[in-house]
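What follows is one chain in structure tokens, specifically the form predicted on its own.
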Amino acid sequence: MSDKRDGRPEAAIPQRGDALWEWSVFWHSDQLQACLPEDSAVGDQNLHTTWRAFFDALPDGAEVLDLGTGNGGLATQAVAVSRTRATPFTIHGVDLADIAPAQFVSSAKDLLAGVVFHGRTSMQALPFADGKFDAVVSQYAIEYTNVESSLAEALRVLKVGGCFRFLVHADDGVLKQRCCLQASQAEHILKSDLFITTESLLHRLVEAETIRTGTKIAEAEEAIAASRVVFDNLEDRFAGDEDRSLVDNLFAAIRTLPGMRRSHSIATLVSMTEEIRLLLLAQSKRLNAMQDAALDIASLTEFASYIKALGGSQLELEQATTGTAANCVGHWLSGTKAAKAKGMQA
């Protein structure tokens, strides 16, 4: 009986004691982006166009820093522009999570090779010299941190005359609305009997096929019925939800497990069940963090005031929208560094 997991990287689930465990779990997967809107075909293009214009304006040989890079979704956009230049950019990406984009992301290996990644690195203590970068960027990241400290570091490592652009979550945006719904879904599932029932089902099925007694077969049938009840109850609970992506993906993953019992040991199947539960728990933590990070107008104004105090100038603040309905997906805040960063007053 084989326990091979079809090419998945080993140790794909970081230890829960790690810094930002829930984000390390998230980025240890084959996905380049996070937080993109549901109508991503349009929304991603809108954001891409804005970022492309920003990177296009940079000089040849520019040094670029991506704060909260994750798996490098934003950094790879800079790489794409860099490759059109006589002298390419030097692009760094930092993240406090335990990231390894080249190991996990299969769709952009070539572009990712053009980024120097720094995992387990705080935005609040950047390992770079003063005035090193021509541009500092961040997409749905800097607002998760202590903004005063992170902005002070961002402006410190930015050259005088260098530019910055940040895309931050909006308190009244559609992404926060989606986060609220999915957080509620995740919490409800975690409190249900789904994982306990699934583990019991896997044990009973394997026992029935191994021992083949009437008692074991009857126990397997009872486990199948119990599992069906749990799924039916959850389906009823989420039937009216506008966004079911989290629910449907999770249910699909759980439902594949019984069919894998001929190629995987029961110990591996139980481990995979727990892995799915931990991924959902991590998702729940991220969704709550996203809601907390979203900025209202007052917070955004304060954000801008920090930048001005640090030597930021030519500040521009505008809403980021997506889709035919022009739904708000965040706020753009951009500008340049006109003077050496002075640091925030105590």
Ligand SMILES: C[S@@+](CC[C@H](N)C(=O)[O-])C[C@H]1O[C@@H](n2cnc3c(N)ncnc32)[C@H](O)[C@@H]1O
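A quick note: this is a predicted structure, and the numbers were derived from the prediction, not measured. A residue's number is simply how far along the shown sequence it sits, counting from 1.
Unshown form predicted together with the ligand; subsequent notes refer to it.
This chain is displayed without the ligand, yet in the predicted complex the stretch 120-128 from 106-114, 170-178, 224-232, 120-128 comes within 4.5 Å of it by heavy atoms. The single contact residue among Gln33, Asn46, Ser284, Ser299, judged by any heavy atom lying within 4.5 Å of the ligand in the predicted complex, is Gln33. Checked against the ligand in the predicted complex, the candidates Val157, Ala186, Leu269, Ala141 yield a single residue with a heavy atom inside 4.5 Å, and that residue is Ala141.
For the chain shown alone, Gly68 is a contact residue for the ligand in the predicted complex, at least one non-hydrogen atom being within 4.5 angstroms. Heavy atoms of Asp95 reach within 4.5 Å of the ligand in the predicted complex, making it an interface residue. Using a 4.5 angstroms limit between non-hydrogen atoms, Thr145 touches the ligand in the predicted complex.
Within this chain, Phe55 is remote from the site of the ligand in the predicted complex, having no heavy atom within 4.5 Å.
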